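This document opens with one chain alone, in structure tokens, the form predicted alone.
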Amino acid sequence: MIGIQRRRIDIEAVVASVRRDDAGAVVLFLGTVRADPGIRALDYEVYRPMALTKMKELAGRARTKFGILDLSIVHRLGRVPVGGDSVAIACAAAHRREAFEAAAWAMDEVKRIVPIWKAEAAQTKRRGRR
């Protein structure tokens, strides 16, 4: 499962997409919008054709590099509020070490090569009545 979407990420579906009987480990990474001072959300933009291509390529590279069984990546697009999930990466492998290492590497690669940009949506100050 490789996807870019505006709707909330269905975490159960992402995990289910990599579950296999020959997997001894399934790792799920969720990137969430952190409540930094003054931030109420992040806005994500993407160049979809290239982003999907790059995500598929890095999933294939992860299979070869780490010997994993499967990898899924789903990223949000548009406004994601504080506490919301912006990216989900699920990885299945025969053993936990490979699953953890592949998931961490995949997230680093998403940030490095996938054309997805984020901008902070700042909180606006309310003015009192006069």
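Nothing here was measured: the structure is a model prediction, and the numbers come from that model. Counting begins at 1, following the sequence as shown.
This protein has a second form, the form predicted together with another copy of the chain, left out of what is shown; the following refers to that one.
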Given that the partner is absent here, does R96 sit within 4.5 Å of another copy of the chain in the predicted bound form, heavy atoms only?
yes
4.5 angstroms heavy atom contact with another copy of the chain in the predicted bound form for A121
no
4.5 angstroms heavy atom contact with another copy of the chain in the predicted bound form for G31:
yes
So in the predicted bound form, does any heavy atom of L77 sit within 4.5 Å of another copy of the chain?
no
Counting only heavy atoms, which residues in 8 to 23 are within 4.5 Å of another copy of the chain in the predicted bound form?
R8, D10, I11, E12, V15, R19, D21, D22, A23
